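Next up: just one chain, as structure tokens, the form predicted on its own.
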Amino acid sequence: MKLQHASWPEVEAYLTRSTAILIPIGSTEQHGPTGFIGTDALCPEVLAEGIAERSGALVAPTLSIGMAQHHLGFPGSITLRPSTLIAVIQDVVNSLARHGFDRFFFLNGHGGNIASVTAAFSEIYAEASLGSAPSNRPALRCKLHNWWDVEGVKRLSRELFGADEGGHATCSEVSLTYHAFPEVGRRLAAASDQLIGERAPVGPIRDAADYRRRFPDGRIGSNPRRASAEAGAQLYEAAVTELTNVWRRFAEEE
């Protein structure tokens, strides 16, 4: 069930069964000429819906703008400062905690979020430790899990794409979006002539101008010409199957 599709009495009833909530978090940033700008938000959102179908989890609205300053050299990319993202996560968690939620599973689609989300968890725990948390706030547990880190996804990525997987605009994430949104995927895949070379270069990530100079079409180390909706279907099934188990363990642990 999606939180935004529920009424408040339905949420109140859910809280009698579970105090855990699933929060997709991603980014709005370029993914090369053949990838969705919303890739990093769409992937965890689609997978969260699959987890909810199998487990009955309640899914919060996707936090779709993340820490992506290095992508601002490409039109359409949007970023939050790390400090802003930390504050947003704190406010989301504290809002939900006021109603009795105490377990927050952030399903992440963007590597650039990891440091800020982890810092936000530390701030949330510090509120309790220092006595500044709201008096009605329960003891909280927060977990961050990157969707691409489950063993089934890593295995499939190696088998299907090998070294062409890359680090940004990866074959796996592009395939997953092509599976979830096939019509748009076909349109974007047709732009493969705009990719510069085969496998993209690799290198450090700094500011937006440096990124655009190092990675002129937006990719890092990947060759998303190999992405396909068929591969995305396999990755979806592997991810949802394992992530449902990870979610259940977190939601039910003592």
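Residue numbers here begin at 1 and follow the sequence given. Quick caveat: nothing in here was measured; it's all calculated off a predicted structure.
The same protein also has a form predicted together with a further copy of the same chain, omitted here; what follows describes it.
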Can residue 187 be called a contact residue for a further copy of the same chain in the model of the complex at 4.5 Å between heavy atoms?
-> yes
Just to confirm, residue 217 within 4.5 Å of a further copy of the same chain in the model of the complex by heavy atoms?
-> yes
Within a 4.5 Å heavy atom cut-off, is residue 74 in contact with a further copy of the same chain in the model of the complex?
-> yes
Is there a non-hydrogen atom of residue 161 within 4.5 angstroms of a non-hydrogen atom of a further copy of the same chain in the model of the complex?
-> no
Which residues in 1 to 30 have a heavy atom within 4.5 Å of a further copy of the same chain in the model of the complex?
-> 3, 4, 5, 6, 7, 8, 9, 10, 11, 12, 15, 28, 30
Shorter or longer C-alpha distance for residue 196 and residue 234 in the model of the complex, given it differs from this form by 3 Å or more?
-> closer
Look at the CA atoms of residue 186 and residue 196: state whether they lie closer or farther apart in the model of the complex than in this form, given a difference of 3 Å or more.
-> closer
